[in-house]
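First comes one chain, alone, set out as structure tokens in the form predicted alone.
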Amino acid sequence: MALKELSSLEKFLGLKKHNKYSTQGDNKVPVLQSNNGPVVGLLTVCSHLVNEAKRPELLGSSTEHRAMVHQWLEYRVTKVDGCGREEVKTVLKDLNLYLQDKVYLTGNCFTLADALMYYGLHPLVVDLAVHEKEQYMNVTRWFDHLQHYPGLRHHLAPVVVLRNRVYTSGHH
């Protein structure tokens, strides 16, 4: 999955030169073969691509903002990647609560953290039933906003999101 994400990120960033990637180890950690030697790890490779594209704002505009971006990138790798069905519910519940009053993960600006969390959550959100998407309303709102963010979705199928809440017969 990470290699497709990197390809999508390259396209999103407008990078014309396609990099050479491989993976290493049982966890299939992505490796970028650069002129200065290998760049290892999803976060490191993505940060490298953002710098290569001269888009530093995606890494954060201040020291605090950069720390928040890094925190969410770490969360993506440590909590989202490879989580099981029960862990998915915990991740979505925590994220839903966090996004209650936010447009993006780090506040009001789109960052690399949003892009990588979107790519990482896509396989989980695409499998959610309608009632589950409603249960995680803030995640669904954030996710739907990102899937319509210009140039971000690329190879991923759109996730259907209902605009109106669905109520059981006892609520109307």
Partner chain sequence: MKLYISEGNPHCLKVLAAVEQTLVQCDVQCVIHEERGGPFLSRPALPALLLPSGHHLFSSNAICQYLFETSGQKPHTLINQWLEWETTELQPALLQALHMAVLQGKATEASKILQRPLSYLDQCLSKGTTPYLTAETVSVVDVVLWGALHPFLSDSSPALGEWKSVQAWFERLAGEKACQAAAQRVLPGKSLEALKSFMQRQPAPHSSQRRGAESCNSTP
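Residue numbers count along the first chain shown, from 1. Because the structure is a prediction, the values reported are computed rather than measured.
Only in words, not in the display: the form predicted in complex with its partner chain, which the text now covers.
> Which residue, 42, 50, 146, 125, has a heavy atom that falls within 4.5 Å of its partner chain in the model of the complex?
Contact residue from the list: 42.
> For this chain shown on its own, do 136, 141 and 150 all sit within 4.5 Å of its partner chain in the model of the complex, going by heavy atoms?
Contact check failed for every one of 136, 141 and 150.
> Does its partner chain come within 4.5 Å of any heavy atom of residue 103 in the model of the complex?
It does not: once its partner chain is placed as it appears in the model of the complex, residue 103 has no heavy atom within 4.5 Å of it.
> Does residue 109 make contact with its partner chain in the model of the complex, using a 4.5 Å heavy atom cut-off?
Residue 109: no contact with its partner chain in the model of the complex.
> So in the model of the complex, is its partner chain close enough to residue 38 to count as touching (4.5 Å, heavy atoms)?
Close contact exists here: in the model of the complex, residue 38 approaches its partner chain to within 4.5 Å, heavy atoms only.
> Would residue 55 count as a contact of its partner chain in the model of the complex, using a 4.5 angstroms cut-off between non-hydrogen atoms?
Contact with its partner chain, no.
> Where, within 82-98, is there a heavy atom within 4.5 Å of its partner chain in the model of the complex? Residue list please.
Residues within 4.5 Å: 82, 87, 90, 93, 94, 97, 98.
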